[in-house]
Each structure stands twice: as C-alpha cells, then as structure tokens.
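Before any questions on binding or motion, here is one chain by itself as structure tokens, the form predicted on its own.
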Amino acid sequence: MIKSRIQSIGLPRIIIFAFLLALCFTALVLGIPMDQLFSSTLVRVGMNGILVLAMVPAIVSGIGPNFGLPLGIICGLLGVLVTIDLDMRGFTALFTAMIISIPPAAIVGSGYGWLLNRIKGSEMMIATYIGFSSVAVMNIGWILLPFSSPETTWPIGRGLRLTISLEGRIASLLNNFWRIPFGNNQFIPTGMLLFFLFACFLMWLFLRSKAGVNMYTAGVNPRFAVSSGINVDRQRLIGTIMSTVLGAIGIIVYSQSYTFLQLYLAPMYMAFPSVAAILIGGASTKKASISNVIIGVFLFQALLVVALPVANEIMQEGNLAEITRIIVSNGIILYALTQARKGD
C-alpha cells in the first residue's frame, strides 16, 4: 500500500517536498518572515507558470521537453517592444503585446516544428542548439531592428538597450489586479495567478478535445496513431507551434511582473528552469499533465525562494547571494533532468 502510494506520487517529488519542509522549518527557527517567503513564492509561480505550461503541448505531441523555448520568448519580447514604440500603456498594451507576438511565434514555431519532424530521435539536443543559436542571431537583430522609442534605444549610436524598464507601461499590471494584502506589507498576486490558472484550464480543455486526444496518441504511440489515420507529423507540428506561442505569452507575463525587459543573452537559458519544473512535477519526456505543471512550478520556485535566505542567514561571510542562487537553481535543474523518465 505504502509502496504503491510512493510510486504514484513519485520518489523525487517526495524527496523535494521533504527538503522544502526542512527549509521552511529552518527558516522559522532563523526568524525569517514566512509571510514574505509565501508571497514571493506565489509571485514567482505566477511569473513562470505560463513558461512551464508551454512544455505540455511539446511533450504531449512527442517532441519532448521544448529546449527551443527561446524562439517563443524572442517573439514575446518583440511584441512588448512594438507596444512601447506605439506608446501604449496599461492592459491595452499588455494584451496587444500578446496578440502581436502570436503570429511571429506561430510562423517561427511552424519552421521549428518542420525541422524537428526531420530529426526524430534527437529533438532535445537539436532544440537546445536552435534555442541558443536563435538568441545569438537576435543579438544582431536587437541592434538592427528599426525601433525608435527613446525608452528602448541607446541615447548614442543605434540598437536596443540591454535592459528596458516597463514602469508606466505594463509593469505589475497582473500582479496588482485584485491583489490581496496580508501579513507585513505582503500580497497575493491574484490577477497573475488567475491568468495562469485560466491558461491551464484552456490547455486542460484542449487535451480532452478530439484534437488533444489525437495529439496525445501521436506522441505516446506513433505507430498506433498512423494505423488510426492520424498524421503524426502534423500533430508534432501543432504541438511545437502551441509551445512556441505559449512561450511568447509567458515571457510577457514574466516581464510585466519583473518590471523589466531583458534582451540579448537573457533568454538563452530560460528553457532549463521550465523543463526542470515540469519534470519535478511528475512529467516524463513522453507524458505531461496540468497537475505536473502546477506542482512542478510551485516546488521549483518555492525551493529557490526559501533556500536562498536560509543559506544567506547561515553563511553570512561575504556576498554569497548570487553564488547560492546559482548552486541551488542549477542543482534543482540537474536533479530534475537526472530523474526524467522516458514514459510508456
């Protein structure tokens, strides 16, 4: 009974959850404000949730975890830059940026999916190269693209700035929408969490539709899918496009919460935390569900939020914050990748 329950939950999730509880207990002993940790965790869950959700259609369709997520992220950044150039603000700018980013993300995603259909069996490796190379190419693009807003361009010379502030534009719009204050000047980012849960609900509905069942069948058992009259390559292409579009929307949600756009090399490694989160949540390289997304993003972000102040409180010599962040985040990613299961 206990063994079957452990297998259903998954030993990696039990270990991570136990480690998280130990960190929370240590934080209480050290006197670290728990309301601040709870609020920060919810904010980071909302920030990263859509990016993790972008892994679901990729995995379900059979291409595996989408390490080419920077393709979609770049399209989302372009959408926000266009709204700044058009001098748009508020929710109008936020949703316009999402709408603008969808067509290029769909076009890029279709080309990306076409390529993945021709290198079956090596999707994750090739996707990583594609993600890295797209970021490298866009380093040139950020210099050559004809944006003219003084908020985004360098005052001398040409090209876009490394970091662009979103204050007065779309900064914290979803965070502050229906926010619920609690504790000592802390809050629950209701709007951002509702947006994330609504996106999860739409994906849940899709996976239970005829199109979603066809995609799932093509990803789990391609031979059976072909015998049933399902075009496997087409389902993989649709999954890749959906994942790329969700990546574009996800970075817009992330950036409005972060209150800055980060260009050039910033998107290069953003796929790895998203892949790690959904694997920690119980997904495999062949199967993924909405529950894997929600559990995974919460565990991953909660570990980061709680581990860093605890480590800094214990080791107070020098400035260890950035070193601790790198060790913890990459340690979680490495653990998640080593626990990835192929699935049936």
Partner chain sequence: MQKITKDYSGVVVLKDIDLELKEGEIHALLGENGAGKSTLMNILFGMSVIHDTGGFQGEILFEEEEANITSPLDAMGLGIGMVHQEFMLIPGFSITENIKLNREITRSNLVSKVFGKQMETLDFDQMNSDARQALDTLNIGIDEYVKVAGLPVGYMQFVEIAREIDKKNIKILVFDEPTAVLAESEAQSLLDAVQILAEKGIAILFISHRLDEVMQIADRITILKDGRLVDTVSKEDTSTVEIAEKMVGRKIERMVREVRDLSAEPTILSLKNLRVEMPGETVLGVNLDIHKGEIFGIGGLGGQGKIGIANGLMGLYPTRGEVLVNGEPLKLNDSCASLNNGFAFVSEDRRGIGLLLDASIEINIATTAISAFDKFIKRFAFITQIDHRGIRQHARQMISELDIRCQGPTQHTRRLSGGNQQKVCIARALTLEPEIILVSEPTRGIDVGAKRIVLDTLIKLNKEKGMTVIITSSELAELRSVCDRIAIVDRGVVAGIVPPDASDAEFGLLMAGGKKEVDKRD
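Numbering follows the first chain given and starts at 1. The structure displayed is predicted, hence computed values, not measured ones.
Another form, the form predicted in complex with the partner chain, is not on view; read the next lines as being about it.
- Site annotation in the predicted complex: the residue of 142, 254, 216, 272 reaching within 4.5 Å of the partner chain with a heavy atom is 216.
- Listed stretches are 154-162, 200-208, 99-107, 243-251; the contact stretch with the partner chain in the predicted complex is 200-208, by a heavy atom cutoff of 4.5 Å.
- Although the partner is absent here, residue 229 lies within 4.5 Å of the partner chain in the predicted complex, judged by heavy atoms.
- Taking the partner from the other structure, the partner chain in the predicted complex has a heavy atom within 4.5 Å of a heavy atom of residue 223.
- Contacts between 278-297 and the partner chain, taken as any heavy atom within 4.5 Å in the predicted complex, involve only 287.
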